[in-house]
Every structure is written in structure tokens, then in C-alpha cells.
Ligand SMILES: Cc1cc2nc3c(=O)[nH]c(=O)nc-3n(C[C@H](O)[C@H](O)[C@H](O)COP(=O)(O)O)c2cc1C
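Next up is one chain by itself, shown in C-alpha cells, the form predicted on its own.
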Amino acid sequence: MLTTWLHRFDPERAHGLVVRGMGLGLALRQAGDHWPKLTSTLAGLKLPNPLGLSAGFDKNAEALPGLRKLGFGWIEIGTVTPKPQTGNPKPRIFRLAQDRAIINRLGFNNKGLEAATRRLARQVHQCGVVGANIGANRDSPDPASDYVTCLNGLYPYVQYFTINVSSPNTPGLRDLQGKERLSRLLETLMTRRGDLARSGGETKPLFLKIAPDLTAEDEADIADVALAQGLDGLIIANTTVDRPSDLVSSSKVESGGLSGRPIFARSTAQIARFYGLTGGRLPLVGVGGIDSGESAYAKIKAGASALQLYTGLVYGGPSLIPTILNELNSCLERDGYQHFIEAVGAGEKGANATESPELT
């Protein structure tokens, strides 16, 4: 089995091998059913299914030829920064196999904006819905200007943007989630997007990816800012710096962001809180610990209008994508839903009698 073979290698080397192979289009197309119950429109993006690939896998838009064969409804590249940067010292990725988790402290390692745009210009129109996760260089004297630079450079080549202010591996980055700084950053980016849309004739969605390690006050502030600024959605959530007490793998002592099954409950609960804070008016993308149809379904019922995964792919392999989608379809049929949108926030609606969300 390919996954077992890859796990014989150092995690970063294994990842590099997969990216190179997919860049050559070597991935096998995954057999899957057509899922009419799973089609949707998210902030204007027409998705064949709600399951997307999270940022971090294809940082430099090198693997799109293979990734498009795996069955994802959408793909997010990055994180892209204006200048190339090497990231933190190696080793910086650690498998926690017993916990079905990963710890990484990569630090936005990528080849920079110019390299990403060059690759995207050649292939993005062949790869369905592709978005870019954008960030600031570690040594940037003005992080906000870095986000604007990436927005400008990538705007012709991707269908949406994710503003990453929540990675734990770039010092000071998470400070941008504070209410005043976040409001200024989003206002700047929304204004610049308006300028670009008027020039190019297309308004492209802006999402914000947030940390799972926020206080209740932080979450309320972010919800208020997102609604006030007219943001198109929130991606919930990035990796956590917390270490649950039930982790058993020896690598749990490593610093960095934890992803995978151990953060499933935390991120799902955060989705539910933001669904309540926003009254179901803001599309939410659920990330963190999705590795089955049931776990995907739980995030939808908590309030997620779309989904992303990465760590699950490391352990489940490429067949995981059609497996999740088939299982999710079965969950909907079991509970009598004609379409997954009917289930968005169903758990919270049952608990709080909130109104049904509307996807735009």
C-alpha cells in the first residue's frame, strides 16, 4: 500500500515525493459516485462537493495535475508569501500515528509569490476551483502590505483567497486576530479587492482562517469584525498549540501546531459557537480531524457549509476522499435529507432554534 510505503520515510521527504508525483499527474483517478446531494454554491463558488484540500499540502501550486484526480470539490494552495522563505529548521514535521495526528512547525516555507503565479498561470483553469492561502513573510516590517501584495499578484489566477492570520509557527502572526488589527487588515483587503474587481470584472471571495486557541471574547470580536467587514466566510480552524491529555504518541512533546483527529472535537465545537455568533449568516468551512463521512457530517451539523482536510489524507490515502463522500451521502439518506445544505447547522438549530443558514 502506497501510504504504508511512504510512512517509511521522514515525513517531509515523503511529502515531497508525493507532491512531485502529483505534479507529473501520476495520481490515479479515484472512482466515486456522482453526488447530487453534495453539490453547492459557496460564496459564489460552484462546488461539485463540499470536501476541499486544506492549505499546506501544495504550498507552491506544484501538485494540481494529480490533486484534481482525487475527487476534491476544491483545492487550496499555499500558504504563499511575497518573498520565498525556507521556514523553520528541520526536522519540523512529526507523525503521531497512534493518534492519527501530525505536529508541524514549518513556518510558511514556500517558493514565493512569483513562483506560485508562474505555475498557476499555466494550469489553474484546468483544475476546477482553486484558492490561495496567503500570509506574511517572517521578517516583514508591514505584514498587512504582504497580504495586499499576494492578493494583487494572485488575483488573476485563483477563484478565492484565504487570509491566514492563525498559523502558530510565525512569531506574532496570531496577534493579527485581535479586533482592531484584524478590522484594519480586512478593511484594507476588502478595499483592494474592490479595486481589483472593478479592473477585472470579478469579485473573488475572501475567507479568514482562524485559530482554535481563542478566548470567548476573541471569538465574539472576530464574528463581529467578519460581519461588519462583509467577509465571505470563516475557515475553522487552523492547528492548535494545545496538547490534549490523551495523546499517546511520543512525538507529542514536539512544538508546533497539532492537526488531525485529536482536534476534531475542539474545532467542531468552535464551528458551532461561530454558527451561533453569526446567526448562520456567514458561511463556515469546517477543518480539523475529518477522516470519515460521520466526522464530516458532524461538522456540517455544527454549522459548516463546506469542509477541508489534510491530515486525514496522510493516514487514509487518496481513496479516503470518495470514501468520505459516499459515507456522507449515506448519512444524509439515513436522516432523510434531500441535500446536505438542509443539514447545515442542524445540531445547533435543534439546540438553539436558530434560523437556517443561507449560502450565497
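In case it trips you up, residue 1 is the first one in the sequence shown, and so on. Keep in mind the model is a prediction, meaning the values are calculated, not measured.
Missing here is the form predicted in complex with the ligand; even so, the following discussion is about that form.
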May I ask you to state whether Trp35 is within 4.5 Å of the ligand in the predicted bound form, using heavy atom distances? no
Is there a heavy atom of Gly233 no more than 4.5 Å from a heavy atom of the ligand in the predicted bound form? no
Are any of the heavy atoms in Ser54 no more than 4.5 Å from a heavy atom of the ligand in the predicted bound form? yes
Would you check, heavy atoms only and a 4.5 Å threshold, whether Thr311 touches the ligand in the predicted bound form? yes
Please determine whether each residue of Gly78, Leu106 and Gly289 possesses a non-hydrogen atom within 4.5 angstroms of the ligand in the predicted bound form. yes
Quick one: which of 214-222, 81-89, 137-145, 96-104 gets within 4.5 Å of the ligand in the predicted bound form, going by heavy atoms? 96-104
Please pick, from Pro283, Gly131, Gly73, Gly260, the one residue with any non-hydrogen atom lying within 4.5 angstroms of the ligand in the predicted bound form. Gly260
Going through 199-214 from first to last, which residues have a non-hydrogen atom within 4.5 Å of the ligand in the predicted bound form? Lys209
